[in-house]
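The chain below stands alone, shown as structure tokens; this is the form predicted alone.
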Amino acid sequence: MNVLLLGSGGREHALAWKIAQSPLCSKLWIAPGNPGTTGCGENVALSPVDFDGLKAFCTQKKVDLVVVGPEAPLVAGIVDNFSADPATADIPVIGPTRDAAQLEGSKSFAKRFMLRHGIPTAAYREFNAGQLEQALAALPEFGLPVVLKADGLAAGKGVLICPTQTEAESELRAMLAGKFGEASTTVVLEAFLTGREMSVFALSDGQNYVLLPSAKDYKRIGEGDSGLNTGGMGAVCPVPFASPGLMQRIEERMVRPTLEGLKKDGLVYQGFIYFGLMIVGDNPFLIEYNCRLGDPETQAVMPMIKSDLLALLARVSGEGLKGASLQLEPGYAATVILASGGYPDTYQTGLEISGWSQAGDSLVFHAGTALSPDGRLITSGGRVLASTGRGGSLTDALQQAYAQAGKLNFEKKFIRKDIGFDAI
């Protein structure tokens, strides 16, 4: 199969690494990719939202399958765009239609969907820019801390947890005034739930699904889950506290009702669904959907999958996933993010990355990297690299991930030193 993978981050490097292992993969292109993905396939200088350019490439290169990594092309309607064009209508695109992708593209859409289909979630209300006074008046209903969410896509940074009334009022005013641009013209106020976070991923053909290994992501920049939200500072897989009983409750209360709800609402969904969960006591609550795999969870999940991922993806739009199963590797995987100092606020780029000769055959996924004009590997983003370790125990996997991360260096490198320790 000729495969085109869209995206340029650590998630896409991990997907490329896994897809390239498949005996079914004849050729893999990554658009636009990064320096790390060149070891898995061929990078193509195309934007994931340049639909005309992507369609022309697919017809020219006889692409058999398109796998979408990031959310932006899905929310913008790449599935609809390809299917509406006779030249590409027969090329399967892994992902939901634009309407179904609103599960991630609009927090208010997602919350209404959850309530409509009886999926347990935190209490909420939504307000637009013309309802500031009503929104301010509603804040006390939620107690403290209170969660404020930008309705639209905000690069993983549009969720604020405000511990005081003063901060909540200030941030609410800023968000509705455009702190996150168009993404926060509507803001969701949500009750704060105390519990343990985890992520569950399903691959669906629209009728049936296969669950991938569970993962736990660490969003805050500071140790002890303090400071600003980021795109993710690390992850572990599988989640040690995810007992068979808990996973059964998650399937019964979240996964199956979501797929049934999509069908009832006439929403076409053939791709990955991310369930962001809070476990309160023994009960799961759905906090958010994503219409793609998480980052950096993918960097921990992919090494735990023994099955041929490409074969599974081919079934989504082919024979379907009924009867499909997933073989997993034993043990655990852990991912630690090497970030630029100052992230998620202002940070420097263009810093040379060293230490590759010491890292050896480490499993390190590129996220925010680039090549300088003279061929040196340099930083190009806030989250630069993802060091993944594997082991028979979570402790072993974490030790390996941190050991690898310690060998790779760039100026002002920052690593959270407590990833995974609360889950051991």
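Keep in mind that this is a model prediction, so the values were computed, not measured. Residue numbers run from 1 along the displayed sequence.
The discussion below concerns the form predicted together with a small molecule, not included here.
> To verify the annotation, which of these, Leu259, Leu132, Leu153, Leu193, has a non-hydrogen atom within 4.5 Å of the small molecule in the model of the complex?
When the small molecule is considered in the model of the complex, the option within 4.5 Å is Leu193.
> Scan Ala311, Val268, Ile221, Val147 and let me know which has any heavy atom within 4.5 Å of the small molecule in the model of the complex.
Of the listed residues, the single hit is Val147.
> Is it the case that Asn229, even though its partner is missing from this view, gets within 4.5 Å of the small molecule in the model of the complex, heavy atoms only?
It does: once the small molecule is placed as it appears in the model of the complex, Asn229 has a heavy atom within 4.5 Å of it.
> Do Ile287 and the small molecule come within 4.5 Å of each other in the model of the complex, heavy atoms counted?
Flag for Ile287 set to yes.
> Hey, in the model of the complex, is Glu197 touching the small molecule, heavy atoms inside 4.5 Å?
Because a heavy atom of Glu197 falls inside 4.5 Å of the small molecule in the model of the complex, the answer is yes.
> Would you classify Leu246 as touching the small molecule in the model of the complex, given a 4.5 Å non-hydrogen atom cut-off?
Flag for Leu246 set to no.
> If we take heavy atoms and a 4.5 Å cut-off, which stretch out of 185 to 193, 166 to 174, 317 to 325, 205 to 213 is in contact with the small molecule in the model of the complex?
The contacting stretch here is 185 to 193.
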